[in-house]
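In the form predicted on its own, a lone chain appears below as structure tokens.
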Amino acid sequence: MLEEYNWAGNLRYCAAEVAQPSTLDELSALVSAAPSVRAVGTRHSFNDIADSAGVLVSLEKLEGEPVLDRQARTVTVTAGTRYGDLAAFLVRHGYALHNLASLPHISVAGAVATGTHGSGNRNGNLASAVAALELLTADGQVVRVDRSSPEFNGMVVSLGALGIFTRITLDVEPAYEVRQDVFTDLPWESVEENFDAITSAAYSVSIFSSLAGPSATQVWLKGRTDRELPYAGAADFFGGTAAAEPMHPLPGMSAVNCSQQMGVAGSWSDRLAHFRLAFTPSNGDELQSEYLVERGAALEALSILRGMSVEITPLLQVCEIRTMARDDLWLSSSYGQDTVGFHFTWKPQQADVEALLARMEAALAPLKPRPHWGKLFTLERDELQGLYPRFGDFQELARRMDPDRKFVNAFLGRKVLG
């Protein structure tokens, strides 16, 4: 039995083989020959979305350098490229992405395919920056689509169901600088009264908490220096107090691996993520879940979750609350609506966590919570179908592009395609 695990160590892949093709021809031959195949990225998924009963394909060695198109303001990369490496390339050429996730270690393809995101009231998730993509279909052929293609919006956040991404083209913009300020002990009463003002106070805002007690433990403000920064240098932020030293989201943890704080301005590439690329994320000591609801329901969701804090807190390391702008990508958690995400970093007690998730999902059900596709959740296909208006269209697209179900694994069978 092949012993390959995901990043957190909570899942052992059942694949019989892991392949690392270095050329498109090698990848095409492998996909054409395999009856069952899935692409795996940096393994930062906490469920079996990337698993395969046949062959797992890693794209990290796929040849090809980033290609910057200054006139179109895009960059094209091989799908296995990590965001941190892409950011370093763009900085050297004076450009930037609009957003980054918490970890710069994740691959472009994996983040795009699962609708992974950063934060910001006006910032779409990482997949919303995709201008074009190439994917290898079940017959080993390369298909290229862009925003002018009729089914493009169904092919971006596609969960690996349509084929294997090979190259992805992303929008870029001129480089900018960001300063990061942290405030502590933000009263929940203030959050409830000023939620929109708090989340719009900076380019990207994250609220961290245990959901228990009278206040959120921290709020991180990532502000672009080319825009107004009303809180810069302030001692108070809606009742929260300016941090006296750099902070880690988890209480008691050293901030040495976190992106620089204390209002020191620096490149977007070193501030938008929560952690430094040079930092190797810990292994096996956490699980993650996330649910996104329409932004207008943020305070109702917060009230429900805080009301469950007696159940949640014993299993919780930290909850992060942040916002994302709406998009038109069929299976994106922000499809058709501005959203707020409640991200949970759990202690590594999976059975207890999954039992709690079922209760949380039931409590949040009236708000139609959409789970992050790459994290732990218990909702199944019939429940998920009602959360995405284009769910049926995606099912039809997948059946047409992969009629022999070469890319369908157990996860897609349970959650999406039957």
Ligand SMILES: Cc1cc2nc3c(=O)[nH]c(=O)nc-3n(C[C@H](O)[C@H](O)[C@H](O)COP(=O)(O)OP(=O)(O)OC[C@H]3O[C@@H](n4cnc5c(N)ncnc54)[C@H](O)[C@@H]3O)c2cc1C
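Being a predicted model, the structure only gives us computed values, none of them experimental. Throughout, we count residues from 1 along the sequence that is shown.
The form predicted together with this ligand exists for this protein as well; it is not shown, and the discussion that follows is about that form.
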Looking at Ala127, Cys319, Ile164, Val219, which has any heavy atom no more than 4.5 Å from this ligand in the predicted bound form?
Ile164
Hey, in the predicted bound form, does Pro369 get a heavy atom within 4.5 angstroms of this ligand?
no
Contact label in the predicted bound form: Val75 to this ligand, heavy atom within 4.5 Å:
no
Might Glu286 be said to contact this ligand in the predicted bound form, defining contact as any heavy atom within 4.5 Å?
yes
Consider Ala101 of the chain shown here, and say whether it contacts this ligand in the predicted bound form, taking contact as heavy atoms within 4.5 Å.
yes
Within 4.5 Å of this ligand in the predicted bound form, counting heavy atoms only, one of 382 to 390, 354 to 362, 64 to 72, 42 to 50 shows up; tell me which.
42 to 50
Residues of 54 to 74 having any heavy atom within 4.5 Å of this ligand in the predicted bound form, listed in sequence order:
Leu59
